[in-house]
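Only one chain comes next, encoded as structure tokens, the form predicted on its own.
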């Protein structure tokens, strides 16, 4: 079992960290807790101490009576070590949850004014942050820049959930994820020794749905929200990859540390993908490009007088074009949104027709996993097999997809 450091900063979501500590302890992990002074305004240190069976440290000048030991290990009572170095040197992973905007700014700036921040600086084990705050604070350019800087230094950022916020009546992205999701991320990070598995890889992800203009106001489009692509981009970044996201009309923020390029039409997406794909080892084509576009878009808003005859022409097949220009070692994943019937047979036909390495099939006729849903249920269709991924949140489904990509690349003699 792992030795986990949990850093708790000031925020209403600190109560969820108690549940994380409980779950991690029940799973057999040794947990030590570091708190900022402001965190104590929301949750008492005694609550954590009762759960993990070890003292909570706040000040960098505090004595650690366990001499940096984790619960279940033997510590030398009475010794007065440099606590922030001892704990950081002996943990297998360090999670800060909740990570407030203030603490994130301090960590990005290299501040060392508490046991949490000094230990974070001294830690060479995998480090993870789970931001939790108001959605406007989370979306602010300063917070996003700080998260991007930390990601570039190898810190894993666990994206916050979307939903009701502490501010009365407000909803948005900024909720601390459920403790189960946090524990899964920490356990995965603790199992990676040294470099993360996708360090050095460049990954191109497309997300959302393209829009083809009819006139300056109207367009032809689809209902793709981009949630699955966002989840894939975040999962690839957590594995250490350098990720570029081509976002087609996506309202959601990109995961921290992910380079984002916004596009609107299928032609825009095609140009951006053609420019980015040659430098990528993995393509995750989760976007839903429009299959047709108006043959001629009106320069002025069309009036409602009389009938409207709209002539449509097919758009270019972006995935097929990228497959045709691939180089050895590139792995290409396509997506198929089907609506009932023999969806697997159609996905397998698409796999052969497009020449991709994997098709991710989801049946959008199921309202539980349709457009805008926070969950998904997919079938991974490869040349040699079909793997069903049961219904789960899209972050979990994204991890399953990337695990299948890992196996495809391990079996490829040219994968780089």
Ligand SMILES: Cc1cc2nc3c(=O)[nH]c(=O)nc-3n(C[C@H](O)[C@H](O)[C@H](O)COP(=O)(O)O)c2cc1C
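Numbering follows the first chain given and starts at 1. Remember, it's a predicted structure, so these values are computed and weren't measured experimentally. By rigid core we mean the largest C-alpha set that fits within 1.5 Å across both forms.
Below: the form predicted in complex with this ligand, not depicted.
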Contact flag, residue 184 vs this ligand in the predicted complex, heavy atom cut 4.5 Å = no
ask   = If you check in the predicted complex, is residue 100 within 4.5 Å of this ligand, heavy atoms only?
value = yes
query = Do residue 38 and this ligand share at least one heavy atom pair within 4.5 Å in the predicted complex?
reply = yes
query = Does this ligand get within 4.5 angstroms of any non-hydrogen atom of residue 252 in the predicted complex?
reply = no
message = Please pick out the stretch from 241 to 249, 101 to 109, 264 to 272, 311 to 319 that is in contact with this ligand in the predicted complex, where contact means heavy atoms within 4.5 Å.
response = 101 to 109
ask   = Which one of 237, 228, 133, 285 is close to this ligand in the predicted complex, taking close to mean a heavy atom within 4.5 Å?
value = 133
key: Contact residue in the predicted complex, chosen from 220, 137, 188, 89 - any heavy atom within 4.5 Å of this ligand   = 137
query = Counting only heavy atoms, which residues in 1 to 15 are within 4.5 Å of this ligand in the predicted complex?
reply = 9, 10, 11, 12
task = Superpose on the rigid core, then tell me if the C-alpha of residue 115 is displaced by 2 angstroms or more between the shown form and the other one.
result = yes
query = With the core lined up, does the C-alpha of residue 274 move 2 Å or more between the shown form and the other one?
reply = no
inquiry  = So, superposing on the core, is the move of residue 102 at the CA at least 2 angstroms between the shown form and the other one?
reply    = yes
